[in-house]
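Coming up is one lone chain in structure tokens, specifically the form predicted on its own.
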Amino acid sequence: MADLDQNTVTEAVIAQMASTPDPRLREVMASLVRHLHDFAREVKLTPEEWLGAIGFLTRVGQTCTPYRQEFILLSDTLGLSRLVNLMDDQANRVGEATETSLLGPFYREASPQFGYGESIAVHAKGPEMMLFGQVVNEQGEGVPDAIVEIWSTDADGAYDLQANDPSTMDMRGQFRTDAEGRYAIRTLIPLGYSIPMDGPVGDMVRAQQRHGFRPAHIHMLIGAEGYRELVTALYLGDDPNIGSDTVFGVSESLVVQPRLGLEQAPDPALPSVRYDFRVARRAAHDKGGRVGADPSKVAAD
């Protein structure tokens, strides 16, 4: 048995894990150990700092509930979620398919179903807007019977999980495209908001003197038989934080601005956004590109 020093301990750990049967797990864990040890050596991590980090991660876990995913929020604010999103987009987005964005920590499965042009604002009140357009394929043809899921904040910048009893769903829903792939959704003009700052991630963001705000946006998840699921979001271009999103989710192609007088707008009296989402055929190996999850499902998985 050889004595270990601060350099040889890394290879000793990797060698001990070399018998891991799953090749992908073996690859990921070896790289994780190597980078984690390199990080500790680079910053000369002290015992006090190490224990502080353990305490921080413990508090992150303790903050998680079926309605709040603090670990996803931590990943978002460190840019890791966006990095995973960008790598998946580069590897799997086909041709001119719409750019993806983060699913985020506020997605909920089994949201209510609505008809063409109906409003998702069941309880919330505020200035309204209309979102309409088409879901099309790579050839520009409408995709019928696509499911368009939408969720966003209310006019005060709060999601239903924050504003109401968490069992109540509001400002979210599912719509089905018509025979020509068209959809129309009535909603409230969302407000930019601060990420939850009452937990350990908020403490971290304040310590870094970051503003902690996300620009106003509307989440969309679009699925159709035979097509790759599209996870994306539309961002309002007049938001003051459009260039400094605290979770780094904004792409230029997803920036929009509601306005009056749009041709074919279902309700001419409302400011509207027309956005046509392009989806691509699903490859056999594709496992989907959701960067985020319904908080109630994370622990169960």
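Residue numbers here begin at 1 and follow the sequence given. Owing to the predicted nature of the structure, the values given are computational and were not obtained by experimental measurement.
We do not show the form predicted in complex with a further copy of the same chain, though everything after this point is about it.
Asker: Using the partner position in the model of the complex, report whether Ala233 sits within 4.5 Å of a further copy of the same chain, counting heavy atoms only.
Answerer: No, no contact at 4.5 Å.
Asker: Any chance Phe248 has a heavy atom within 4.5 Å of a further copy of the same chain in the model of the complex?
Answerer: Phe248 belongs to the contact set for a further copy of the same chain.
Asker: Would Gln139 count as a contact of a further copy of the same chain in the model of the complex, using a 4.5 angstroms cut-off between non-hydrogen atoms?
Answerer: Looking in the model of the complex, residue contacts with a further copy of the same chain do not include Gln139, since no heavy atom lies within 4.5 Å.
Asker: For Ala293, is any heavy atom within 4.5 Å of a further copy of the same chain in the model of the complex, or not?
Answerer: Judged by the heavy-atom cut-off of 4.5 Å, Ala293 is in contact with a further copy of the same chain in the model of the complex.
Asker: Just one of 121 to 129, 147 to 155, 166 to 174, 201 to 209 has residues with a heavy atom within 4.5 Å of a further copy of the same chain in the model of the complex, so point it out.
Answerer: Contact criterion met by 201 to 209 only.
Asker: Looking at Leu270, Leu262, Ile242, Val256, which is the one with a non-hydrogen atom within 4.5 Å of a further copy of the same chain in the model of the complex?
Answerer: Exactly one residue meets the criterion: Ile242.
Asker: Give me the residue from Ala184, Ile72, Met220, Ala216 that has a heavy atom within 4.5 Å of a further copy of the same chain in the model of the complex.
Answerer: That would be Ile72.
Asker: Determine the residues of 27 to 64 with a heavy atom within 4.5 Å of a further copy of the same chain in the model of the complex and present them in sequence order; the list may be empty.
Answerer: In sequence order, Glu27, Val28, Met29, Ser31, Leu32, Val33, His35, Leu36, His37, Asp38, Phe39, Ala40, Arg41, Glu42, Val43, Lys44, Leu45, Thr46, Pro47, Glu48, Glu49, Trp50, Leu51, Ile54, Gly55, Leu57, Thr58, Arg59, Gly61, Gln62, Cys64 come within 4.5 Å of the partner.
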